Each structure stands twice: as structure tokens, then as C-alpha cells.
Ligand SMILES: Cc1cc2nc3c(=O)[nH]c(=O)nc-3n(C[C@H](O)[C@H](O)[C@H](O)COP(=O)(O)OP(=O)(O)OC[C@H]3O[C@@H](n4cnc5c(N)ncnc54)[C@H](O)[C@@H]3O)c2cc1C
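Next up: a single chain in C-alpha cells, the form predicted on its own.
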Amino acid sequence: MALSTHDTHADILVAGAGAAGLSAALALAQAGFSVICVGHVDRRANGRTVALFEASLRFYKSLDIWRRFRGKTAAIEKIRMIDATGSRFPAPPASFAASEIGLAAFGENIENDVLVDGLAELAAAHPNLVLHEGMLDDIRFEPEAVSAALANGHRVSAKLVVAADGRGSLARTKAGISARSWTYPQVALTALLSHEKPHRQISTEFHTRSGPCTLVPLRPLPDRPHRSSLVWLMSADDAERRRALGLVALADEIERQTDRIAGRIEVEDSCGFFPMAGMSVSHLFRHRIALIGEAAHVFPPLAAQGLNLSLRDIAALVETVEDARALCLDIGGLEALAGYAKARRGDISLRTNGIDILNRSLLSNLLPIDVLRGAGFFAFSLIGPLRRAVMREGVLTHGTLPRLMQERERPRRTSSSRGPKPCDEANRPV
């Protein structure tokens, strides 16, 4: 759908049309809200993939959209971690199997451009949703609504803006929410690989002094039966040197770094190089705005937590605004949105701080840090209950999951059956 007039109203404006923004727009539209999603849809192939864990798969299945991606993913049944730091006290290899916690797989890996393109097609076809592939020019927060100006001259008003427009979020800045950013001395190289040996649905992480080098299973293609995605954190100097290499020379370096466990490797066309950074925000919401995804939190791509954390943001926000609507509350008001921050603060803090500590521990060559890391790997390898607790935390998180991520049969609810009920003086809360 396209914007039909120069002034358009919706219940919710989603700023940003990446995987998080499109997912939020679809989930909110399916909940019966009218939604306008504004942002650039990046369909470029840049070697990036997304490992979606069990809770995230439940989210997409609850929305009845995961079938759009069947046959385009690869299962991750095991995760293996190998200490390649060269430490004097190397940690023993640690292996985690999804079957230990009653799952067939931890999740599914999919190319980022395939996911975004599919979500954009679904968004464009949804009756409750307008997808505008342009940019926001300005946002004003008023007592009764949010007023946004688009770069093409259109204006949009809404009760709530969902900021999914990344670490440099215009919506967050205009709302006066401060962010603290920091950098790491690392650049992530991302690439899609074809290789000689099968991956056997195992994701393998080599922990080096510059960060992890990870091979994640990827769907086969007719002429390439064995494929994986690569995320390799390295120093800025090494990234600059490798950026200048030809694909054959780069494949040779990947083979050496991964101990040739995949045999001969071929790099499939374009690679991506991304400087590593972190970010946290002072507030997850203000009057008429809620932050999700990289507008709310940024950290390095360790343990595949990025989009999985963002989808938990979305599931919690959908639950918050659905509950507010049922109580006849203003969905953009502080009273309604306070529940969102309460639901998300602990999970976001745990992931941001945990990833930061793990990443910095790899960069450090101090002996006490090496000993502690080795002890941790040793404990994970030998203590079954601890290993299983870590696995469950990684794919399902502690505490109660939002409704869209709970393990139960959910009848498909259309926008008409989930629409708002009338709120009059008789049923407003006192």
C-alpha cells in the first residue's frame, strides 16, 4: 500500500524498515492497529545472516508468516566453541546440543537480505499496514499525537511512534532520549561461503584474540550443497588488509583460521566489513515513543543475540499496547508504556553487559582473565545442569516470555478479530 494523501493518520508509526522495523509493523498490524512503516528497505546482499533462535521462531510462527521462509533456512542443531586465543591455559572445547534441552534445533539461520525482502513483501500486502520506502525528515511530539514529516512532503500523525531506525535514530533524538555509545578495536567481516565438507548443522566458533570467528550453517543451493555464513571479528588493520585481498586469497585465510574443518572454501561474491560498537540508552520510552532494536541497544555479534533481542522487544511491546487498548488506555501514554520498559530492562541489560564482558575477555591477554575464561568453559563442558541452563537462557531467556513467544497453539487471529473494542465511559478504568 502507498500513502494516498499528504496528511495520513494511523494508530502507530514505525520508524525504520529493517528486519526489526518490518517485524514490528507486521506484528502490530496483525494485532489490529493501523500502522505506517517508514524507512529504506535494504535488500542488498552483504554476507550478513541472522540466526533466529527458538523464541524468535515462535514469534514468526505465531504471526503465521514463517512459512514464507520455509526452504530458505538452515537448522542449527549444535554449537561448538574452540579456544584459539593461544593462551597458556587454553579452555577446553565446549559443545552444546539442542537435544539436551528438548529441542530439535536451537534455531534457523537465514540470509539477512532474504529475511528483509520477505518481510517487506508481507508488509506491503497487509491491509492494516502502509509501507513507505522513504525517509523521515522530522518528528514532533505533541500532547495528543506524534506528527512526522516525510522527505517527500507527506505528513503522518499517530498515537505512538516505534523507533526502529537504528543506532543513529532520528526518532530517539527528537524525543530527547540520550544514548551512550562506545567502540571496540574490531571490525566484523561477514561473508557467505561454499565449502567441501558438510557442516552437519553445527555452528562452530573459534575464539581468537581479536574476537570470535564463526561458521554458521546455511541453506544448500542446487550447485552448492555445503554452505555456511561467516562472522569474523578482527583488528582494523587486519580488516583493511583482507578487504584488499582477492576472494581466493581471502578463502585461504579463512581456511587457516578455521583449521580447515570445512575443507576447501569458496567465498560467494560480496563481503561486508562492519566496525564494532556498543550503545545503551537512558530510557526505553517517553511520551508517545518506544524504542526497539538498535535504536535501544547495540553490541557486537557474539552468540547471535542481536535480532533475537529485538524480536523480544517487539513481542513485549505488542503485548503492552494490546493490554493498554483492552484497558482503554492511551497506547502512547506514559502509563501504558511503563510496562514495556519494566518487561525489557533486565533482558537488555543482561545481554548488553554479558556480550561486552565476553568480548573484552577475548581481547585481553591477562593471565587471570584467561584462567577465568578457561574455568568457565571447563564448567560448561562438565556440569550438565549448568550447560543446559546456559543453553535455555540463550534461546528462550529466563522469566516469562511474551505471549507471541510462548509455546502453545495459537489460533490465527485476523485483524478484524483482534481489532479494538469500543472504549466508553462505562468501561474505562477508574
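No experiment lies behind these values; they were computed from the predicted model shown. When you see a residue number, it is the position in the sequence shown, counting from 1.
The form predicted in complex with the named molecule exists for this protein as well; it is not shown, and the discussion that follows is about that form.
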Considering the named molecule in the predicted bound form, which of Gly107, Gly293, Gly211, Gly332 comes within 4.5 Å of it through any heavy atom? Gly293
Listed residue that, although the named molecule is not shown, lies within 4.5 Å of it in the predicted bound form (heavy atoms), from Ala324, Val130, Met279, Leu136: Leu136
May I ask you to state whether Val231 is within 4.5 Å of the named molecule in the predicted bound form, using heavy atom distances? yes
4.5 Å heavy atom contact, Gly166 to the named molecule in the predicted bound form: yes
Is there any non-hydrogen atom of Ala20 lying within 4.5 Å of the named molecule in the predicted bound form? yes
Under a 4.5 Å heavy atom criterion, is Asn359 part of the interface with the named molecule in the predicted bound form? no
Of these, 120-128, 157-165, 218-226, 255-263, which stretch puts a heavy atom within 4.5 angstroms of the named molecule in the predicted bound form? 157-165
Who in 187-201 is close to the named molecule in the predicted bound form, meaning a heavy atom within 4.5 Å? Ala188, Thr190
